[in-house]
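The form predicted on its own is given below as one chain in structure tokens.
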């Protein structure tokens, strides 16, 4: 047991040093688990323990059926700032992209009903979108929108920022947001799009959004890869 723990630490330290020195560059693919276990003269079980530990620290990440990669720098996300995803990522010198997965009109679930303060089975727009940074999928989003305020919303290009669509076509803009942030095990839908195993650690940002008149117009569930984001806020103490 002692030898296994020692080997685990040797692997972790060696890979950590290679990443910090820049020898292993952000986004680069690590050798296969078989090759790494041979290189370190250890079992794949011990190797995976070391890699999982580095993953928990955000230094490496794994994609199903693709292997292990060195993690890029995390995106800094301040939910208190009214900036859409593309603006936020671009300001950090990164390349954002959004892909529409599906958009439809569905009965509100109990959770959405509560957040949007709607009667049971009220139909709402549901948007499912996948967002990437520098070509890497990092965020799966489900938006639920009250159709009473946005007739014919599904006719518009919803791969764009919703805030832009709201302002251009409906003269509404976000003016207040309420949010909760907590760690989750990623569900099947989110994990499949983020290319991780179901139940992998993720970060859920649950938001309810109000327009300039104080009207509650939508809510969304943002499922982030836990190694892709850091939450940061700068607030004034009064």
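Numbering follows the first chain given and starts at 1. This is a predicted model, so every value here is computed, not measured.
This protein has a second form, the form predicted in complex with the DNA, left out of what is shown; the following refers to that one.
Student: Could you work out which of 193, 48, 172, 207 is the residue within 4.5 angstroms of the DNA in the model of the complex, going by heavy atoms?
Tutor: That would be 48.
Student: Quick one: of 189, 64, 38, 57, which gets a non-hydrogen atom within 4.5 angstroms of the DNA in the model of the complex?
Tutor: Partner contact (heavy atom, 4.5 Å) among the options: 64.
Student: So if I measure heavy atom distances to the DNA in the model of the complex, which of the stretches 7-15, 223-231, 20-28, 210-218 falls within 4.5 Å?
Tutor: Looking at the other structure, the answer is 7-15.
Student: Give a yes/no on whether residue 53 approaches the DNA to within 4.5 Å in the model of the complex, heavy atoms considered.
Tutor: Taking the distances in the model of the complex, the answer for residue 53 is no, it never comes within 4.5 Å of the DNA.
Student: Does at least one non-hydrogen atom of residue 180 fall within 4.5 angstroms of the DNA in the model of the complex?
Tutor: Outside the cut-off, so no.
Student: Report yes if any heavy atom of residue 176 sits within 4.5 Å of a heavy atom of the DNA in the model of the complex; otherwise report no.
Tutor: Result no; residue 176 lies far from the DNA in the model of the complex.
Student: Consider residue 43 of the chain shown here, and say whether it contacts the DNA in the model of the complex, taking contact as heavy atoms within 4.5 Å.
Tutor: Residue 43: contacts the DNA in the model of the complex.
Student: Does anything in 216-231 come within 4.5 Å of the DNA in the model of the complex by heavy atoms, and if so which residues, in order?
Tutor: If the 4.5 Å heavy-atom criterion is applied to the DNA in the model of the complex, 216-231 yields nothing.
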